[in-house]
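As a starting point, one isolated chain is supplied in structure tokens, in the form predicted alone.
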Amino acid sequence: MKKQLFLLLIILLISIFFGSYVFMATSIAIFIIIYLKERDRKYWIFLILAFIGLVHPLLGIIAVIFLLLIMEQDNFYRLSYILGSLFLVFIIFPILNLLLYFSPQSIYDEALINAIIVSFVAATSSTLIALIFALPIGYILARKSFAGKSIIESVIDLPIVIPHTVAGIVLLLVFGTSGIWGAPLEEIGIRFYYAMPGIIVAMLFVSAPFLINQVKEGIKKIDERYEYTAMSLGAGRFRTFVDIILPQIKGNILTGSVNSWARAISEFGAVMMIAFYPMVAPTYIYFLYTNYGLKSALPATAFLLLITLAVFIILKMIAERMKNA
């Protein structure tokens, strides 16, 4: 059970924030699981200390610390476990708390469903476009040394660090109705402002660096001698890339694509600046919150979170399997 200690700490700490009875029920369940396997009487002390949590849930931390002390003897790991679990609770608890507001009626909200569809289509489109550019850029940055390379790498990472409302304004100046590129393109029927292409451009701008960096790191790990061997046997550079490089970085490509897609679908600031309509899911939730209040926004937010979490976890699992294949 020592191997599961980190997970047990996270579960116990999360249960504290759901109240005394939830913490007590969780503690009893964990005690039964551990005691049936370890048969050590000291775990009874953990259970007794857990009852203090009935006075106030935060007092349950005493039982949690005791469990940590008896199951882990290394002080470094003790500190690492408690700090790591506290941070993960900081992330996980708000998510679980929000999911409690999920309402089946959200499924029948046509505006929300349309916004989610727009988000998924735009995020998938931006990820596919990013992949087209990420492969050659990643290859160049991994294989070539040239003057200004560090500047180029910084430029690629720039959309990650600049405020996304600023990114939206930057894109608006270029792709807006009077923008440098937007105006001439609109004359031939390609509109970005308040249109799907604008959403895709905004998502692409903020999410592409994740995919480019993953491709670059994947190619860096491949010994260049494999390429030289293939070319010495008559293969061209393009065929070498397809036959030698791509199979070895498929895990990086999928991981980068998942991260890029997730970043795209969560984008709000840049998208809102260039294309408030058609609404993506984050924009629709913002609309509900500002016009009808928090209570109206909560069910839609919980529904969106549930869907994106499910898709993200599934894609992550597939990416990990491909990476380890």
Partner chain sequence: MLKIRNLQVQLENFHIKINELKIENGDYLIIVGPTGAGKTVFLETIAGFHIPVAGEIILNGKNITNLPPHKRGVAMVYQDYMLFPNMSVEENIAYPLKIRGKEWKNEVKELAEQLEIKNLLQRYPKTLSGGEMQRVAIARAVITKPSLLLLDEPFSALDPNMRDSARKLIGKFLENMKIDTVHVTHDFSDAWILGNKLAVMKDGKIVRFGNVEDVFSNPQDDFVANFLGATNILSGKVKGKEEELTVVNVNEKNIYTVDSAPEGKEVLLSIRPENIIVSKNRIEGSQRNSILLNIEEIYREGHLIWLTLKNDKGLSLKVMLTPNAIEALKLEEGDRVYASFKASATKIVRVI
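Note that the structure is predicted; figures quoted are calculated from it, not measured. Numbering follows the first chain given and starts at 1.
Only in words, not in the display: the form predicted together with its partner chain, which the text now covers.
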{"query": "Exercise: M231 in contact with its partner chain in the model of the complex, heavy atom 4.5 Å", "finding": "yes"}
{"query": "is_contact(K221, its partner chain) in the model of the complex, heavy atom dist at most 4.5 Å", "finding": "no"}
{"query": "Close approach of Y139 to its partner chain in the model of the complex, 4.5 Å, heavy atom", "finding": "no"}
{"query": "Contact flag, Y194 vs its partner chain in the model of the complex, heavy atom cut 4.5 Å", "finding": "no"}
{"query": "Stretch from 236-244, 175-183, 209-217, 128-136 whose residues place a heavy atom within 4.5 Å of its partner chain in the model of the complex", "finding": "236-244"}
{"query": "Contact residue in the model of the complex, from F93, Y77, Y226, F120 (heavy atom within 4.5 Å of its partner chain)", "finding": "Y226"}
{"query": "In the model of the complex, the residue from T165, Q248, S106, N114 that sits within 4.5 Å of its partner chain by heavy atoms", "finding": "Q248"}
{"query": "Interface residues of 137-160 toward its partner chain, as seen in the model of the complex [heavy atoms, 4.5 Å]", "finding": "S145"}
